[in-house]
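Heads up, the chain below is alone and in the form predicted on its own; it's given as structure tokens.
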């Protein structure tokens, strides 16, 4: 592998997998690095082998696509064209003159670090859920929508027996259907957006009949499982003593305010709540890649503005597995050509580029409709914790802005410690920005995850 140009792909989800396969098939020595024990990412997350799942495909759609990717990866690893490093947690990517050094912590303990050297890097680091606080959101039994899905896919366990799924966005329907199919009683699906708003985007939606059919199938499954669907509603509070016992659901007016008298209590022992996704951009920011809003900015070949660095998948914008697959293929073909000192032939990825353009337009329309209500901050009481790591309540953030003059997220952080804990603001960053009335700003941390001091003091070993 050392005689061929070297590519480090960070992230083994849909984008990273297809890019690794495309580049390896064209003579590039690929190292695929991922924090999980198996490839697939969140979308293709698999149950542990020891659980003996008889029908793992029942938890997924696009299962045949996953089988092709899985088998292709196994073949390329067997042929020595791809080196697949599992349970490697990348914490930093450094430039070394004309190459890169990718540093990763090993295994669940994350006390040892290794380095992977490469001529090019593809960032396929995916996304994470946007978490917005509300009274009672820290009770045991309240999980993110993606967290509930991950528990089911990887552990074959339910977050509770009676579940409410709430928030906004296309993830809610598959989560609710998956939980109901696995035996949970889904007491309600609570969506803050109004489906009638999609009428404004009829032209874009009509160009994607497959997506409309997918949504119709989920709607039919919700009806079959007798899941009550409440649109233009929100969970405004969670209740319980030692754990979740019920939630309050209320109707929202056109401005996102709670309609007086519409509140009602729904008994449940689990709440799966999600308000959309945000891209993982930590490594891109460390490398100095330009951001377009909250997404990593790329050109038509998925190149960032940092030479030798490509990005694909959710890190360039949230858009689901199909978009990630299209971007990953374009990136893999581009990398293989550029490492061979030539420009890629546009015709080689024309179909992927067409799919990318259409899906980006589709998900822009979805994002315009499925956004958290503007007035969500009004429902956050002063005593509601916003930063769980540092136990910072909403009152402290409001005081920093209204009385101490904080005008940006960084100043709020310095005055309140919100975002200074273990997660470094990944969980609370959007909420802090929303409560402070400030736009989110890039963190540009030197490390993408906490690193033991002993690791920094030692010379890293080469990854084997």
Partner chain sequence: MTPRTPLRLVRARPEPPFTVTFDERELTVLPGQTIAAALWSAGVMSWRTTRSSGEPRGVFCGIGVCFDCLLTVNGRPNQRACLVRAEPGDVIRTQEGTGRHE
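The structure presented is a predicted model; accordingly, all values stated were derived computationally and were not measured. Numbering follows the first chain given and starts at 1.
One more form of this protein, predicted in complex with its partner chain, exists but is not displayed; see below.
Out of 51, 438, 404, 395, which one falls within 4.5 Å of its partner chain in the predicted complex, going by heavy atoms? Exactly one listed residue reaches within 4.5 Å, namely 51.
Taking its partner chain in the predicted complex as the reference, which of 180, 287, 173, 236 has a non-hydrogen atom within 4.5 Å? Looking at 180, 287, 173, 236 one by one, just 180 meets the 4.5 Å heavy-atom criterion.
Would you confirm whether the three residues 30, 75 and 101 all fall within 4.5 Å of its partner chain in the predicted complex, going by non-hydrogen atoms? No, the candidate spot makes no contact with its partner chain.
In the predicted complex, does residue 243 have a heavy atom within 4.5 Å of its partner chain? So residue 243 counts as contacting its partner chain.
Applying a 4.5 Å heavy atom distance criterion, does residue 317 contact its partner chain in the predicted complex? Heavy-atom contact with its partner chain at 4.5 Å: absent for residue 317.
With a cut-off of 4.5 Å between heavy atoms, is residue 142 one of the residues that contacts its partner chain in the predicted complex? Contact with its partner chain, yes.
Answer for residue 91 alone: is it within 4.5 Å of its partner chain in the predicted complex, judged on heavy atom distances? Contact with its partner chain, no.
If we take heavy atoms and a 4.5 Å cut-off, which stretch out of 191 to 199, 291 to 299, 132 to 140, 328 to 336 is in contact with its partner chain in the predicted complex? Only one stretch qualifies here: 132 to 140.
If we check its partner chain in the predicted complex, which of the residues in 362 to 401 reach within 4.5 angstroms of it by a non-hydrogen atom? 385, 388, 389, 390, 391 sit within 4.5 Å of the partner.
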